[in-house]
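So this one's two forms of a single chain, laid out as structure tokens and tagged structure 1 and structure 2.
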Structure 1
Amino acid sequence: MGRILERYGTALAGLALIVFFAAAAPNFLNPANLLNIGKETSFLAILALGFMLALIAGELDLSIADVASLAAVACGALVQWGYGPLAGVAAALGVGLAAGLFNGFAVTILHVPSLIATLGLAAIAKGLGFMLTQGVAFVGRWPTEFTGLARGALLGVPNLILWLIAVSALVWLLVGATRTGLHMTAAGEATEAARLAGVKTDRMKRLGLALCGLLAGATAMLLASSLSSAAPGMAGDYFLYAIAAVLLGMTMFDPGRPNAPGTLVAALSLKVLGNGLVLMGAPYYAQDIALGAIIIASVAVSAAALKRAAFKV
């Protein structure tokens, strides 16, 4: 029983949370509300999976939200100016990937700790976003080929859910079923030992940060598609939630290690918590208090990986 609670206790708590809000929160089980939870979870989980990949490689990426906002602005600008959906998607993914590659270069070539490098890039990305928009969002009636990426459905399943399933499957396969994933994990957990064993640790760290940036760009593309708008700072609300989802995910399934199933369950639990509190009429600051408590508690349970990434010099 102790082992079961250690591995699945947090997931069971998330299930209990759903049952509680289903009984206590008005309209929680309304299909429209459940669809909204699923949509918000998709954005959050894809962004969080990127942060998880960087953490697996032993690095922190604190620029994810600002990079996603900049990528959304670049995407929205091209779509707004008539360059077409494909150009917008390429811009979002390209900006995210470029940011991830820059972080990898700063960490492995310039030897700047990822905590500092990504904070610096976050400030740059925020400034560039406001420079491109002059503080005014790109809003318009965009082509259905672009908005359908997030708003459409296939065989009754919303596209956002399909995107989440596809990204989650690819991340899970990379980490759990490939030599590259094994090398990324080794580079994050024991960098020097992995290097002595022949693992190209710097390359693995660059890969983790590059994939983190790429998924930030994918999140940006889906956000812009769903909202038909792009603004600097539009992904800011997902920053702490993405970090919390990864940290909370480290308390379940594979305790103490970043893992994709735990991140997905944690992302869903966080969005259920926020949605349920709103439906029950809790004050707006209750979500912030709960989020802070969750971050502290989850780090207390599984702090080792985060400490290695945060305080490595």
Structure 2
Amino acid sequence: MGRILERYGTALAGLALIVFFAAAAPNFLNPANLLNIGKETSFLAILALGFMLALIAGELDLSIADVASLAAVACGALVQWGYGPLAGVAAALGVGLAAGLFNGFAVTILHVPSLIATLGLAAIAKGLGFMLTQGVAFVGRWPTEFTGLARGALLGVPNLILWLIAVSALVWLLVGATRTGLHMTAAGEATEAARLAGVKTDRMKRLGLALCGLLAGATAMLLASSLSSAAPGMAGDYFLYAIAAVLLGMTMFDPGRPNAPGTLVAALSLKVLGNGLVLMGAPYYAQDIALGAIIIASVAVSAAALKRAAFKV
């Protein structure tokens, strides 16, 4: 029983949350509402999966939200200046990837701790976002080919949910079923031992940070497409939630380790919580209080796993 709670405690708490809102919140089980939750989870989960990849490689990327905002602004600039949707997509992914590569360079070549390097890049990204926009969001005149990336649907399933499934599957496969994933994990969990065993640890750290940046760019592209706007700081709200999703995810499935299924379930639980409380008519401040309480309670359920995680991270 203890082992089940340790591995699935947080997931069970998430399930309990869904059951509670299904009973207590009017319209929670309405299919349109469930699709809304799925779509809203996609942004957070993709960003969190990026953060998770950096963490697997043993590095922290605190620039994810600001890089995502800058990537959205770069995407918006190109689309609004008439360069077309493809250029916008390339700009978002390119800015994200470039930011990730820069972080990797700073950490492995310049030997700046990732905490500092990514904080520095976050400030630069925020400044560049304001420089490009002068504080004014890019709005209007978004081609439907671009907005369709996030707003469209295939066989009734919203594209955002399809993107989420595709990215999650790729990340899960990379981490769990490839040699590269194994090397990234080894580089993150025991850098020196992995290096002595022949793993190119610096390369793995660069890869983790680059993929983190790339997924921040993907989140930016989907955000801009979904909201048909791009503004500096638009992804800022996701920063703490993404970290919370990864840390909560570490308390389930493979306790103590960042893992894709856990991150996904945690992101979904956080969004279910926000949606359910709105449907119940809870005041806005109650949502923050409930969020904090549920994070603490969930982690407490898997306290043993968290203790192990503390030694590993």
Partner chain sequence: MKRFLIAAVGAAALALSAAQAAAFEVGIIAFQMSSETHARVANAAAAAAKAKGWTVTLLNSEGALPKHAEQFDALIAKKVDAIIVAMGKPIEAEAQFKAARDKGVPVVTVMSGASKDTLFDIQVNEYKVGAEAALYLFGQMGYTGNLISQRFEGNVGTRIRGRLLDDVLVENQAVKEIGKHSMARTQSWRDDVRAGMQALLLKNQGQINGVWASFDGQAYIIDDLLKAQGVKRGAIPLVSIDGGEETYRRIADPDSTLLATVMIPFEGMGERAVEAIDSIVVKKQPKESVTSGPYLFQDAVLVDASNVKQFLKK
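Structure 1's sequence is the ruler for residue numbers, which start at 1. By rigid core we mean the largest C-alpha set that fits within 1.5 Å across both forms. Since we're looking at a predicted model, the values are computed, not measured.
- In this comparison, the chain shown as structure 1 is the form predicted alone.
- Remark: with the core as the superposition reference, the CA shift of Asp254 between structure 1 and structure 2 stays below 2 Å.
- Comparing the forms between structure 1 and structure 2, the C-alpha position of Leu17 differs by less than 2 angstroms, with the core used for superposition.
- For Gly292, the Cα shift between structure 1 and structure 2 is 4.2 Å when the rigid core is held fixed in the overlay.
- Per-residue C-alpha deviation between structure 1 and structure 2, core superposed: Asn30, 2.8 Å.
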